[in-house]
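First come two forms of one protein chain, each written alone as structure tokens, so that there is a structure 1 and a structure 2.
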Structure 1
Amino acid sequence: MKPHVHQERLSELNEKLRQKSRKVTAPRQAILDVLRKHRHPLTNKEIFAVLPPGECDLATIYRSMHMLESMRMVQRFDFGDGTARYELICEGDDGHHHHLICTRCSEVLEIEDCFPVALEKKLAEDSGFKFVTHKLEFFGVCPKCQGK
């Protein structure tokens, strides 16, 4: 399991906004910078908590995350608790990976291993479905919580 690393510079992310005719505002820059510096998906409230006071309000974060998701600059994850979490999608990355989440402390590990494409193709053939894909998250108790 290797961590997902966000190596894009803030200037590159701003350029993506400009290419899609989106304004590069101070709140958007701050949000992108937070996402760029964190290895795991964050909720809107976690993003808000990391930002300096007065940088932007929670409603702006919700709107910005929706816009960034529609632009395919962020990937949205749901870890089964009904709360959306967002992670930056780097250049050349399709955003597809899985997570192992501790059910006690919510620690997140990223899992790079995935099912073979042949399995998706077989499922499609057997079921008659088209465009088969998957989302998968694993849950357990991390070593730190096991010792408590």
Structure 2
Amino acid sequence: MKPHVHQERLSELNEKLRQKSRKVTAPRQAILDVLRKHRHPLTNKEIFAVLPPGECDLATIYRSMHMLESMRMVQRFDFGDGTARYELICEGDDGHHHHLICTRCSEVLEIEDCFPVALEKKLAEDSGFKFVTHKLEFFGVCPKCQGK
């Protein structure tokens, strides 16, 4: 890959990792590179499949995603099929957003709007709950799949 891209990523990684006595390793760099190239959430197995053979063990990907999630570098999503998906969190973004998923071909649309924040507040007040968040995903049939 291009050196400057590598450097850029590395320094960004360094920043966030060094503070927590975490190491910048080849597997972690490789995983972040994969996530960079995709705009939609990926499963661990998908990341593993994209990675050059022998580059990184699947168990390492699982461990890495947990770590990256805990340090807010990736956001975890659940499409209801029993498999976790992860997306890189962009600069100055909290990662919170939603998707519209085709139930036939699994195409994914990124959804910018986030409604329930308003409802969230109301819920928190009414229920006495604090730190209220939500998970929301939309499902439907995409234009291509509507034919049959």
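C-alpha atoms forming the largest set that superposes within 1.5 Å between two forms make up the rigid core. For clarity, every value in this text was computed on a predicted model and none was experimentally measured. Here, a residue number simply tells you its place in the sequence of structure 1, counted from 1.
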Quiz item: Just one question: which structure is the form predicted in complex with another copy of the chain?
Solution: 2
Quiz item: Would you say residue 138 moves between structures 1 and 2, meaning its CA shifts by 2 Å or more once the core is fitted?
Solution: no
Self-check item: between structures 1 and 2, C-alpha offset at residue 129 (rigid core aligned, Å)
Solution: 3.0
